[in-house]
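Form predicted on its own, single chain, as structure tokens, below.
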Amino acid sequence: MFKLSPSFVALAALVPFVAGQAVQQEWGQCGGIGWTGATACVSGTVCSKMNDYYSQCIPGSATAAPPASVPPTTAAPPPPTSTAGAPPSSATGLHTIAKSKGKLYFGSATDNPELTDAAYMAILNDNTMFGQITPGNSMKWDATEPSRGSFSWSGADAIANLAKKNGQLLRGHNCVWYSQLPSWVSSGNFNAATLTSIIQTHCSTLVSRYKGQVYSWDVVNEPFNDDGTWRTDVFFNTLGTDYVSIALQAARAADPAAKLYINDYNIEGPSAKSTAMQNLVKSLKQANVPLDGIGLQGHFIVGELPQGLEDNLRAFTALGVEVAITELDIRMTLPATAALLAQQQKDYQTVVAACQAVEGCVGVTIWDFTDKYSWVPQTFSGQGEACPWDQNLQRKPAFQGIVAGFGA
């Protein structure tokens, strides 16, 4: 966890002074509810209010005095101004920052219903903010092959075409998963040979359709239980662990250039589940089964990050695979408070900093960027506010946590 030093000497070493007054560096926080630090910005930047909780020193020529810290209040925040959701300048883009720090991308998941929201799309389409997108649902089995041998591409094509138009990398999600399966798969009672053919047909058809467009595929999604045992589903129950190599080999044959991933949650810190995943990586490598990366989803709770995140990322990369944070969000018990938002900012910083510190961690994807379209409230009763943008498409303190995590 990131902790502020109580030492004034240490603070003085970090914050520059001009004419005896503390000023904040470029990209630093300079105001907001509960903020007690510097409210003036270093020369060449101006303190710009992002929302009630956060103002930031952004490069610019404006010379107006920065806004004072907003006093704490229990009142609801005002409605967004007419500029809410406007695309930021390239200088503030999270993807631009990530690239400048040696990462391949910073990205966001999205989904087809969001594509009709003009204010949302103004942010998503900015490839300096998001250099990569992931379809939340439209490439899953129930969406792409609802009946055997009959494929549907409209939703998936919409996301793929958006990425192409915007010059954004595309992550494919996913080929084989126990959930969101059409009943013809989950209840088909197929023998091993038939189910093998079904997996090969589905994976090869899906991956080949987007050959040359997709950077990486989550070929197998969530194969383990939290205790490290294999999840029992139609694939494992019929084929045992062989279904993983069947899917990976089919994907490699369909697009030899795409990175092939196994993706799961609760493997971010050392645990029985992360050990099981590491053992799977070893066994696949020993068997010469194609595998390029491990996706660590990153669905966290404010103030409850796993210990040893950076070390665990290194443990995976030591096995000869790249890693990525693939579905990051950090939820809280509602209602949101200034203290919870401040902790969320620190938690986002911690996660991004762990990826930044590990050379083999190629990028970070948030699981949609705004609370407006977050999956959390519908899944976890009484919880939400998990994303770096709020319901009104305004940046929250978590945004600056991401910036700080990259060391910007």
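Residue positions are given as counts along the sequence shown, with the first one as 1. Every value quoted in this text rests on a predicted model; they were computed, and no experiment measured them.
Same protein, other form: the form predicted together with a small molecule, not shown, and the subject of what follows.
Heavy atoms of no residue among S100, G131 and F406 are located within 4.5 Å of the small molecule in the predicted bound form.
Residue N221 is the only one of S204, T92, N221, N127 with a heavy atom lying within 4.5 Å of the small molecule in the predicted bound form. The contact residue chosen from Q278, Q297, Q168, T196 relative to the small molecule in the predicted bound form is Q297, the criterion being a non-hydrogen atom within 4.5 angstroms. The small molecule in the predicted bound form is approached by K140, whose closest heavy atom lies within 4.5 angstroms of it. Residue contact with the small molecule in the predicted bound form: G136 places a heavy atom within 4.5 Å of it.
Proximity of W177 to the small molecule in the predicted bound form falls within the 4.5 Å heavy atom cutoff.
Residue contact with the small molecule in the predicted bound form: R331 places no heavy atom within 4.5 Å of it. Heavy atoms within 4.5 Å of the small molecule in the predicted bound form belong, among the stretches 179-187, 269-277, 116-124, 316-324, to residues of 179-187.
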